[in-house]
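First comes one chain, alone, set out as structure tokens in the form predicted on its own.
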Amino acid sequence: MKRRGRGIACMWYPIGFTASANPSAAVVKVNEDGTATLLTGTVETGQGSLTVLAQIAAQALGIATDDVHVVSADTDTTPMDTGAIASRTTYVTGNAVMLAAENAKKILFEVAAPLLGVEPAHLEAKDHKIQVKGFPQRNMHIGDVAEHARGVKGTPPIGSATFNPAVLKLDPETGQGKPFATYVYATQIAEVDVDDETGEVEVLRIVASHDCGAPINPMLVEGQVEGGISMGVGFALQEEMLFDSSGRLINPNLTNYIMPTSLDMPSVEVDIVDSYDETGPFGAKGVGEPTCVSTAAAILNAIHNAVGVRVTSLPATAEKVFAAIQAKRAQEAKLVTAG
């Protein structure tokens, strides 16, 4: 008989680290056609980081994301980046990009101010224009300002910046400190069916609520969460490295190392909690690794809710779940006999 259960799991996860330096650098150049070039050492591994970094630069400069040309991960030409690790790219590299764009914009403002008859502090970048705050009709196209900066003033609008969360060493005596700059939080709820005659588990639905600061690209956040849940389902139920008596891996390929496919994915509902972080670029933090942290725990709690057994080693294969159910029945029978 299939028995249904629900389980919940909550988590918090650090973004970046502060026990040692982990800087990112960026260069932003505004071109005479109103576009911008962003140089960053970060690596795009399918998580959408380059799109987010382009959005950050575009927001700071008041242009469209499509107008930002990103040059990345080329150590010959791009500035240093610690790496796409610790879910730090949006937070750390994003801050570097934002600061570099702000520095380029500062040059544009200084050039445009006398041409528009105001102080630089009275200008804003919006809709591909450098315009007077409160008087948008007084404006210059950002490309024209960039051309004037280069060709007349001799100061091309190029901004560079680095960002490194404050390094805070742990107290060697107490072990106390602040090892990370900021944290994200999440709760996931899993709904499963467990066949108590075979131990087979089917994940029907997962609802995932994630705090990632201000979501710069909500669609990418949803994709990250869904991808993390896919990894979490595999971690919980399928993926296992098997070794022989000599310590040799015996399932080293995808024919016998079982991973979830699209057919194994449950229905997923994603709730993005918008919680502005003052230290992040435009309030953002991150959402990479945290997406799969609570999935397995929620699934195993749902299994317990369905059939009353705890599986304490992953993956929770049908064999393990059925063995736990049999052990529970045997224990119950023993108690009845003893009573």
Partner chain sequence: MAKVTITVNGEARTVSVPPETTLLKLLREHLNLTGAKLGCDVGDCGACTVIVNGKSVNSCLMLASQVDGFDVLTIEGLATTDQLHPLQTAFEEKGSLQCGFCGPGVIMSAKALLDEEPDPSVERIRDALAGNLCRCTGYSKMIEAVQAVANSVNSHPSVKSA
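All figures in this text were calculated on a predicted structure; none of them were measured in a lab. Positions refer to the first chain, counted from 1.
The same protein has a further form, the form predicted together with the partner chain, not shown here; the description that follows concerns it.
Q: Run the contact test on Thr45, Glu222 and Glu226 with a 4.5 Å heavy atom cut-off to the partner chain in the predicted bound form and return yes or no.
A: All of them do, each having a heavy atom within 4.5 Å of the partner.
Q: Can you pick out, from Ala121, Leu254, Met241, Val167, the residue that has a heavy atom within 4.5 Å of the partner chain in the predicted bound form?
A: Looking at Ala121, Leu254, Met241, Val167 one by one, just Leu254 meets the 4.5 Å heavy-atom criterion.
Q: Of Met231, Leu115, Val207, Ile85, which one comes within 4.5 Å of the partner chain in the predicted bound form, counting heavy atoms only?
A: If I apply the 4.5 Å criterion carefully, the residue I get is Met231.
Q: Using a 4.5 Å heavy atom cut-off, which of 168 to 176, 134 to 142, 263 to 271, 106 to 114 contacts the partner chain in the predicted bound form?
A: Going by heavy atoms within 4.5 Å, the stretch is 263 to 271.
Q: I'd like to check something about Met80: if you look in the predicted bound form, is any of its heavy atoms closer than or equal to 4.5 Å to a heavy atom of the partner chain?
A: Result no; Met80 lies far from the partner chain in the predicted bound form.
Q: According to a 4.5 angstroms non-hydrogen atom cut-off, is Ile158 in contact with the partner chain in the predicted bound form?
A: Answer no; every heavy atom of Ile158 is more than 4.5 Å from the partner chain in the predicted bound form.
Q: Find out whether any non-hydrogen atom of Met259 is located within 4.5 angstroms of the partner chain in the predicted bound form, and reply yes or no.
A: Yes, contact at 4.5 Å.
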